[in-house]
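In the block that follows, a single chain appears as structure tokens, in the form predicted alone.
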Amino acid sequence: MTVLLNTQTVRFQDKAPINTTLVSSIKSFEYNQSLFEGALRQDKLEPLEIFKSNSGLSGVSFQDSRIELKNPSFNVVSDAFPRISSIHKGKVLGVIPKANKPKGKRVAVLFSGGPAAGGHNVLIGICDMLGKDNTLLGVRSGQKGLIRGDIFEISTEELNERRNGGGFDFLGTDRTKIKTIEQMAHVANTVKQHKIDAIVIIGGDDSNTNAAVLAEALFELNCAVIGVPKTIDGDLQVSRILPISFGFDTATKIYAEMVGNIIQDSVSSLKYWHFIKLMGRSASQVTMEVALQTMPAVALISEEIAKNHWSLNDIVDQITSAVVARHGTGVHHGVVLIPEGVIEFMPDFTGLIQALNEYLVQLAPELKNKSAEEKRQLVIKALPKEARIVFESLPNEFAADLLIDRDSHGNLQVSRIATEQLFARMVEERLAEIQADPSILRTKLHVELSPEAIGRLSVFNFASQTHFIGYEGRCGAPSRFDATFTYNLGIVAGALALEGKTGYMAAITDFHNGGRALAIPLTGLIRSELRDGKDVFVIEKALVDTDAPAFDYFTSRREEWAKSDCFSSPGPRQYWGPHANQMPISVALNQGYDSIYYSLGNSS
């Protein structure tokens, strides 16, 4: 018997009644109650051994760890922060057990800057350390909320609903910097009104610099200010005492999964070169880590570009050489990883960006309400000769990107600069030049191909895809590493608040050996940096060290990665099983560990 099927669109004219049990189950996933989130909430958080006791978390006191920070700007910083510098003296503090914890303390906490995975676990760590005899206060909307006194008491139940959850949604975040006399007066009023004994600021380098400013300003009110190192960029590191900031591991695992998927697609479709820009602001820490996890054909490292003074054309030639060499072996696809801030490291752009930062301020009234082309022409007339030559050589749409408004810290918004598109376009143009004149291969790119390969290259149709992966990684549920790391950072921050230790940043190190809690004096990290045309105090960004083990390993393998498809697709974050306890590869290499698996608390 032959059965005839109607291939037209199916209409459920005789639809079955909706299964109420199924509907109830699906509705139960609303408000962050998915099966995944529910399972994560049940995952236990492990404190470091020194904080463990039979009843809650034990108290600790702080003592000299015998680690001293050598700050070349010590005298200048001491003059600017005389009160906290006098007690810091560059000494990093360690912890020792203490029988009892202070009671009656009121501690306020806020998020600052961009979100990063694990922020809510910091709050849980602080809350657990404070215990029932102290009060944890939340500050809504970051420093802005601190200025206007938007404070509320946090309950344990509210925090437990966010255990191991992503984002900063419980408090929200903000990029306001507290620096004016009026702002300081409002903060002081908030401290007095709410009887705050300590403020914990969870943020990156700028936010922790602001924490030092607040610590100095609130010193006479006996209100301690403590920082917690947060940034997915990985540029808040302090040698052996703070190997990485929180959020970096989760973000790079998410990015590595996506890049691995794209590499797998390129190998499957056999025809595309994918140019992928990765978030990370100035430092290339994110790109380095994702490259180590995925082994792409090409990965640009901004710090190497600056060190070797490679121009835009130099970089285009390098990528083109990889494209041509792979094409010569019959491989017509690949992936190029590009750091978000690479443009600021190319010598021909450094002077241009500095000039633009200056002249855009001067020309602001004239540029108002002008079209993109009118703005471009006004800027061309104002720029010095060398900067003008570089600016005029750029495609109009890319030149327009460089004229966008700067962020609240005066930085070029590099995430909005389409460098991935620029590189893809220039590589395509360079290949067209080679197809017209194959001698360029030998004279400029120093690539030798057989006559047969050159013949195939002459008809090669270069196809590219461009991507920017950034916001996708900031608010994911924290990896097991970040979940444990952030919880313990919160415990240390809570302990500092209880002990009234002001102007310190909580830190955890020795990830391979159970973990070690430290308190880093912020005055030991602060340097002077040129921003908005004037010197300001900032914590120096930790860029990729081109003499470090992670970079050495990267350079030892990238030639092999460029030759053939020896890539890896690491897949999604693992929460259970043998590979859940993996730390960032770059951290393990740079710290000299013998394994990529961390051990914090009882994690192993």
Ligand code: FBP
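The numbering used is simple: start at 1 and walk along the sequence shown. Note that the structure is predicted; figures quoted are calculated from it, not measured.
Note that the form predicted in complex with the ligand isn't included here; everything after this is about it.
Next item on the list: Tell me, out of Arg175, Lys98, His467, Arg527, which residue has a non-hydrogen atom within 4.5 angstroms of the ligand in the predicted bound form.
Entry: None of the others qualify; the residue that does is Arg175.
Check: the ligand isn't shown here, but in the predicted bound form which of Thr231, Thr523, Thr484, Thr287 has a heavy atom within 4.5 Å of it?
Finding: When the ligand is considered in the predicted bound form, the option within 4.5 Å is Thr231.
Check: Even though the ligand is not shown here, does Gly280 get within 4.5 Å of it in the predicted bound form, heavy atoms only?
Finding: Gly280: contacts the ligand in the predicted bound form.
Margin query: Contact with the ligand in the predicted bound form for Asp249, defined as at least one heavy atom pair within 4.5 Å: yes or no?
Written below: Asp249 lies outside the contact set for the ligand.
Margin query: Considering non-hydrogen atoms and a 4.5 Å limit, does the ligand approach Gly113 in the predicted bound form?
Written below: Because a heavy atom of Gly113 falls inside 4.5 Å of the ligand in the predicted bound form, the answer is yes.
Note to self: Under a 4.5 Å heavy atom criterion, is Ser415 part of the interface with the ligand in the predicted bound form?
What the structure shows: Yes, Ser415 sits close enough to the ligand in the predicted bound form that at least one of its heavy atoms falls within 4.5 Å.
Margin query: What I'd like checked is whether Glu340, Tyr471 and Arg474 together line the ligand in the predicted bound form, meaning each has a non-hydrogen atom within 4.5 Å of it.
Written below: Per the other structure, all of Glu340, Tyr471 and Arg474 touch the ligand.
Item checked: Stretch from 155 to 163, 126 to 134, 223 to 231, 318 to 326 whose residues place a heavy atom within 4.5 Å of the ligand in the predicted bound form -> Result of the contact check: 223 to 231.
Note to self: Using a 4.5 Å cut-off on any heavy atom, which residues of 566 to 601 would contact the ligand in the predicted bound form?
What the structure shows: Not one residue comes within 4.5 Å of the partner.
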